[in-house]
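Below sits a lone chain in structure tokens, taken as the form predicted on its own.
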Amino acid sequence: MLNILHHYFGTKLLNKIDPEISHAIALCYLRLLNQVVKKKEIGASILKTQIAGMEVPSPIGLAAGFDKNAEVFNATLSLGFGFVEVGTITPDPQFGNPKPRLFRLLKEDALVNKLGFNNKGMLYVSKIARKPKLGIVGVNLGANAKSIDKILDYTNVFEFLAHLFDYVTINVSSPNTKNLRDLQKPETLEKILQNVNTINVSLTRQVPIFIKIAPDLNKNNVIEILNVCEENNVSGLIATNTTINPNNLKKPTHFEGGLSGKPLLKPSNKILKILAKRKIASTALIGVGGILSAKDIYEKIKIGASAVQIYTGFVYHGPRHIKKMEIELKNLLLHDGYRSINHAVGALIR
């Protein structure tokens, strides 16, 4: 019965109404589900993997942007995700950009969002993030749009929230906050990392730190970012955020905001491959962008991702699609003779 309801609310009804309203309705449903969920049954052992020392039952995670205020992480874990990432969360609450700011491109299997880190702020999240978690939950951190010191924003929000989550993602790649992507510049990124590392080493339990980067970088940019990350004890990189390049569409069209979904697959994989070929062994990679099938997941894993995150595919196809992709991914691994997903990581670049 729950599967039928999930499918109905996730695909049949919600995809026919305004995208932001449908998102709000989905969250209301998941808040109710949050009250009754139990720990997810362990899936196929072949899909178990590790990300920066964290054991997850499945490599399929939920990307940041869905559960912006950490309100339904147990409910989303119960839908079948191996791990989930909440946020993006900023120090102060902010409304984000003016509406409308979320758009479906149905013919492209894509979404365009120009939300602008709309969230209730770190104080609100700190109050609800203390509840027991049914699995691995990460938090995505950002800077306030009107902040005069965005580096300090990351320091403050990290200090306030990091200890409440299993890992932290520093988001310096959203296209929807003015000048935020400038923080990917090596000298600026290094300052952010030095600050958060100082806090991290003082915690009772140090948390893995990830950097989420843009797909619109050239090779030299990517390598510079990777070098800074590895010099500053970053556990891994998430590749990638949304793209601002309209040429990734089948029919290039001007848009404002970040493009996700099928058009993001190739550009995100290009960045993932650069990272995979250059990184040291201990640096973990999470692949994001354009995942609509198990084949897409498998491609990212073979390029070098230890795990993946989805967003647009989840919005379009609903929770039942997660289980479907898990089964198909297991079959792809077995077909190629892999007994563990870890053995397939990086197979295409060895």
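Just so it is clear, the structure is predicted and the values come from calculations on it, not from any experiment. Residue numbers run from 1 along the displayed sequence.
The form predicted together with a small molecule is left out here; the points below concern that form.
This chain is displayed without the small molecule, yet in the predicted bound form the stretch 57 to 65 from 57 to 65, 320 to 328, 277 to 285, 28 to 36 comes within 4.5 Å of it by heavy atoms. Interface membership of F117, defined by any non-hydrogen atom within 4.5 Å of the small molecule in the predicted bound form, is confirmed. Contact check for Y298: no non-hydrogen atom falls within 4.5 Å of the small molecule in the predicted bound form.
Among heavy atoms of V222, none comes within 4.5 Å of the small molecule in the predicted bound form.
A70 falls outside the set of residues with a heavy atom inside 4.5 Å of the small molecule in the predicted bound form.
A heavy atom within 4.5 Å of the small molecule in the predicted bound form is found for one listed residue only; from L249, L111, L193, I244, this is L111.
When you look in the predicted bound form, the only residue of T76, T90, N140, T177 with a non-hydrogen atom within 4.5 Å of the small molecule is N140.
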